[in-house]
Each structure stands twice: as C-alpha cells, then as structure tokens.
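In structure tokens, one chain follows: the form predicted alone.
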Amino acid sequence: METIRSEPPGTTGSGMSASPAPAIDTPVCALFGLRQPIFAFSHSIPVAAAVSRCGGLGTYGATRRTPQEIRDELAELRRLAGDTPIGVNLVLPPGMPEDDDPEAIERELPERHKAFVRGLYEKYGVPPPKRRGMRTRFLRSNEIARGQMDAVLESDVDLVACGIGMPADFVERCKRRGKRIVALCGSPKHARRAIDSGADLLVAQGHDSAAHTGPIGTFSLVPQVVEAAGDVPVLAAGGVMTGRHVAAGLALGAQGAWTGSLWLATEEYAIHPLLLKKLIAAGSDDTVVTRSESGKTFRQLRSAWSEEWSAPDAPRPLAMPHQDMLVGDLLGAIDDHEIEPLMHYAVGQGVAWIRERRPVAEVYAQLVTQTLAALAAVTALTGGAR
C-alpha cells in the first residue's frame, strides 16, 4: 500500500536545519512530488504554505475572494511556499445569477426573512455592520466566477480543487496549463460524474467534514468512491485529525488524506481568540449541519446562531445565493463586534481533537509520526504479511 523511506536532512520553513518527517509513498505522491500524501485545505495562506513546505500540499480556499485578491494571494502563497506544490479551491455552483448585482437579489428577499434577521440584530444587541460582510461584498454569480477562474488560470498553482461545480471549459483550460483537477465528492454518484468531467483526483468527503457536507459518513463513503474511481486516485476526508485516521483512509483504499479542521487551531491560522476557545472546548456532538449560513448544508459549531435558525418559528433558509445576501452583513457584524453567543465557525466532527494552539510544522510532524505508528501497529497485530 505504501512505502516508508528515509531522507537526508533538509530545512524547515524558517530556514533552520532539520530532519524532515519520514516519507510515506503512495502513488498520488508522484503526481506532485510530495513526501507524504497529506493535503490541507485552508482559508489561511500561511497555513497552506507551511503544509507544502512540510512535505504535503496546501490548498488555499479562495471562493469568497475577488479575482484580483486571488491573483495577489496566490502570488503570496507561491512566495511563502517556495518551489513546493500548492493548490487553490473554488466553489462554482451551477444555476447562479449571471451578473454581480447584489441589489437585484436583495430586492427578491422575502419580508418574513428580513424581519427575522432584524430580530436577531435586536435580540442580541448587534450593532450595525462596519462594512459589507464576506458573503455580501460581491454576489456569487457567473460574472464573478469567470473572473475567479481567469485569476486561477493565470497563476502557477499545481492543483485546482472544485468544491461544488466543475465547468467543462475551466477544467480543459486548467489541464492545458498543466494543472491537475481534484473534485470533492459526497457520494459515489458525485464521483462518477467528476471522473466523466475530467477530474484527476477525487476527495471522498464524508459527513463528518466541515462546511458543505453530504449525508454519507466517511467510513462508508471512502471505499465506495474508491470502487467507483477505478484508476483515479482518491483522498479520504471528513474527520481526519490524527494519524490513525490517515492510516484508516489508506486501509479503505484511499491514497492519502484531505484535511481541513486539523489546522484551525494552528498559530499560522490566527483564528479569533473567542473562536479558538470554543473550538478547544467542543466535542464531536457540538457541531451541527445547517443551511442558515449559505443556503447549502454547512457543518459548524453549535451556537445561538444555529439554535435560532432551527427554532420552530424560524423561516426556512433560502437557497444560494439569496441566503448569502440575507445574512452576510449580519454575520460580518457578529464577528466584527464580537457577539460571542452568535459567533461560530465551520468545523468538522473531528473538533474533539482540537486541544491546544500549535505551529503547523508541529501538527504536521505529529500527524506523520502517528500515521507510521498506526500502520506499524496494524502490521504487528496481524503478524505482518502472512
């Protein structure tokens, strides 16, 4: 399944001499020149760069960034990552409005929903927003998507991850520029569709995962996607927080792991102290899947926000992008003004393993060490290859 090999001393991201973690070879490593098949998704450029420098592949979540921000931030990611492989993630759902016209969507919002949001402002004493929220400063639309795709195509990223949607023309243009396409899949049906659309790599993202998640658990999903994928490599995702999870993914037929929540408490991520406190205190049963964030299923920390939207008298969340426009400014105001009961964050059920703040390099090294130990333990338990 995998080969473990030793390597000569190298350097850390800080430039200090160090011995890199032992390499874990699976076929997917050869696609990108990785030391370990560890992929990290993060909204933090420093986190993504640090994971790439450690020997994995860091992927920057850029879906809520403008085209120019994507250009600038991917250039910064390359600067920090050096010549190591890097990736970027976009969400490109079909059926979005053609033009970036937030006012047009705002005019369509039902009065009952707007009244409910006004009630949250009043009930929790939320001051007016200081600026447009992350979800309202532009409309998720075909116009914005085209600009984002052009910015990615101009970059030198090695991997392009499609969270939702895989426009055929975009996939073709990425491949012409030597970029590999990874598709996030929540079901075997999604996997087959992604392969037909040209995916080079699949992420089997189980229900345990953060943010946009499907109904099938990781343990059930991964081997089904592996069977559907044939020769296309698969990464296991959803609750991958320790080396035991990585080893389990390998045993299920995956060639590596796609991680996300693992990096939220790292020093490089620099999450808000109030949110860090909540993450450290949370267990796996302290997350909830709601549509109140974006209109699509979205796993996050349970909070007064999710409780309010699940109340019997709460309106049903709107579809994307209308829900974005409905709540985006309020969500921004909650964070800007530190309204603690309503503060929450996207995180998977693996939040139970978030216990302290540590640097990325330390988290990464422990993950590799734990993976090797788990693989060795299984070998010892079964008496080796008999």
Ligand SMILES: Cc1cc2nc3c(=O)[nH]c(=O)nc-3n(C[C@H](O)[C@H](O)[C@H](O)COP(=O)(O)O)c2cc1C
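The first residue of the sequence shown is number 1, and the count goes up from there. The model shown is predicted, which means the values in this text are computed figures rather than measured ones.
Keep in mind that the form predicted in complex with the named molecule is missing from the display, and what follows is about it.
Visitor: Which single stretch, out of 287 to 295, 230 to 238, 106 to 114, 125 to 133, brings residue heavy atoms within 4.5 Å of the named molecule in the predicted bound form?
Guide: Going through the listed ranges, the match is 230 to 238.
Visitor: Between the options H322, R35, R357, H43, which residue brings a heavy atom to within 4.5 Å of the named molecule in the predicted bound form?
Guide: For this set of options, the contacting one is H43.
Visitor: May I ask you to choose, among G198, G163, P188, G243, the residue with a heavy atom within 4.5 Å of the named molecule in the predicted bound form?
Guide: Residue within 4.5 Å of the partner: G163.
Visitor: At 4.5 Å between heavy atoms, is N89 in contact with the named molecule in the predicted bound form?
Guide: Answer yes; at least one heavy atom of N89 falls within 4.5 Å of the named molecule in the predicted bound form.
Visitor: Is T63 close enough to the named molecule in the predicted bound form to count, meaning some heavy atom within 4.5 Å?
Guide: Yes, contact at 4.5 Å.
Visitor: Taking the named molecule as it sits in the predicted bound form, is I339 near enough to touch it, meaning that at least one heavy atom pair lies within 4.5 angstroms?
Guide: The answer is no: I339 has no heavy atom within 4.5 Å of the named molecule.
Visitor: Would G56 count as touching the named molecule in the predicted bound form under a 4.5 Å heavy atom rule?
Guide: Close contact is absent here: in the predicted bound form, G56 is far from the named molecule, nothing within 4.5 Å, heavy atoms only.
Visitor: Suppose contact means any heavy atom within 4.5 Å; which members of 290 to 311 contact the named molecule in the predicted bound form?
Guide: Residues within 4.5 Å: none.
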